[in-house]
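Next up: just one chain, as structure tokens, the form predicted on its own.
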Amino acid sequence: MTLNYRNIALFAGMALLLVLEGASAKNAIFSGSWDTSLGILNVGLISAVLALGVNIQWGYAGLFNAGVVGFVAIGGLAPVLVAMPANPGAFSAGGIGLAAAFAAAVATVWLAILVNRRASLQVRLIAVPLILIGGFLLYRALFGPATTAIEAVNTAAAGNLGGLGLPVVLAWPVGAVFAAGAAWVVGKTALGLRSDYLAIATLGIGEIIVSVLRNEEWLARGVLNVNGIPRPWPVPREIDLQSSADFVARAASLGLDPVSASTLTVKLLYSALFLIVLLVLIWLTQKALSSPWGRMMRAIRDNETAAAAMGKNITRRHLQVFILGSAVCGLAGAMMITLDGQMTPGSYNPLRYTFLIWVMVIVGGSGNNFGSVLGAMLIWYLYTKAESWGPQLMAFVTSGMADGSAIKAHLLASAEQMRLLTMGLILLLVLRFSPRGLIPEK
């Protein structure tokens, strides 16, 4: 069987798993619910977008980004700022002070850079620290009262600036822009580091971004969460479908109750939107990979010294691809928040949004866009199913043990950790028997 047929068979096998999940009778392996199957599909499609972003950085250029969670989180901020309605009175209470604080911060950094470049060494040693300290004090003097005033407006229901009330689909490219801007700042400071130090730097910066979202209530309510994020067109709300006589009649003609039919309709529409985005990204990334730019990036990845000798600006190209990959991660973050309908900064953890994404890319095949998509779908399916398979497996393993046994109690209590064990085991097996992934790079 040729490689193309093999790839088709792998994707067909993945599709078969989703079909069996929805169409089979409920048993120990499959849930027998189209609702569950479509839920796995939707998050899997978003995970595939996220895996493409990581693959652009690692598979194209060999950049190890250990702070993926930060770019996902900052992309998830976009639906809050774009699609949510404004908090009346919040901007007039502290918006001007907030804008002045950020202007002071930008001016401080610009002035410090200017002095550092043009002044003599003696002047720099004195002037730059004074500029930074003075600018920081001015920033805090403006920022503190402004945020306090914003958080005091409608504290119970909002307590933040709110958004612009625009269609939520517009927030998806805005999330990509937010992540790209953060990547530019990170790249300018960290891309000159060696690969292991780059991983440490991105890990720390990613956690800083998540920490800011958790603590700055004026921005996205912090741990209080933002609920009720609007849905994209043409996805309706289930209650609206259930109140439609025509929809109820069509559901009855198919043998479905209105509640189940409305849930399936909404999830199918989400699947269509996410699939469109994924297909567009695959087309763009494949074009980029086969272009002279893609060949240049792979040449830099494989031998930076030889590429530099041919006149390529390695740092500039690394910055470029780092920004592109992070923008795709930010896009996925905005899509995820739209699907969830709420912004929960406390849910961003490196295990889910960094480690798991890396497992998807490695298992699928780094450097291959189709491999990243397959790996994302497969790993998310297994990650989801391991939650139900773990207790079943532990119950089977301990079935012959005496009740009250300490070992039995420990094993049953450890069943919830089967997700971690499953992901680690899959990663080890793939690295041992197929180190280039299920669909290797050509």
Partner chain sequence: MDFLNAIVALLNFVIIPASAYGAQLALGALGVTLIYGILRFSNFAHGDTMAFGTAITILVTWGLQALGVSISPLPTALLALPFGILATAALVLGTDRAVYRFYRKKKSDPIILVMASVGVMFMMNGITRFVIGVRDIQFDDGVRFVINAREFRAATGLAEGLALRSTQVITLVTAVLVVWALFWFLGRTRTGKSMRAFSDNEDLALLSGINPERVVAVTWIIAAALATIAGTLFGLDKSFKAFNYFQLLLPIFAAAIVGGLGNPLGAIAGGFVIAFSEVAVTFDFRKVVAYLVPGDWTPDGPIQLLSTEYKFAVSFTILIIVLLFRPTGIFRGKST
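Residue numbers count along the first chain shown, from 1. If you're wondering where the values come from, they're calculated on a predicted model, not measured in any experiment. Between two forms, the rigid core is defined as the largest C-alpha subset superposing within 1.5 Å.
Unshown form predicted in complex with its partner chain; subsequent notes refer to it.
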The unique member of 256, 99, 224, 200 whose heavy atoms fall within 4.5 Å of its partner chain in the predicted complex: 200
If you check 386, 49, 43, 66 against its partner chain in the predicted complex, which one has a heavy atom within 4.5 Å? 66
Per-stretch contact check against its partner chain in the predicted complex, the hit in 209-217, 265-273, 332-340, 236-244 (non-hydrogen atom, 4.5 angstroms): 209-217
Any chance residue 302 has a heavy atom within 4.5 Å of its partner chain in the predicted complex? no
Heavy atom of residue 349 within 4.5 Å of its partner chain in the predicted complex: yes
Counting only non-hydrogen atoms and a 4.5 angstroms cut-off, does residue 395 reach its partner chain in the predicted complex? no
Taking the shortest heavy atom distance, is residue 291 within 4.5 Å of its partner chain in the predicted complex? no
Give, in sequence order, every residue of 409-442 that has a heavy atom within 4.5 Å of its partner chain in the predicted complex, or say none if there are no such residues. 410, 411, 414, 417, 418, 420, 421, 423, 424, 425, 427, 428, 431, 432
Note yes or no: does the Cα of residue 19 move by 2 Å or more between the shown form and the other one after the core is superposed? no
Given a superposition on the rigid core, I'd like a yes or no on whether residue 10 shifts its C-alpha by 2 Å or more between the shown form and the other one. no
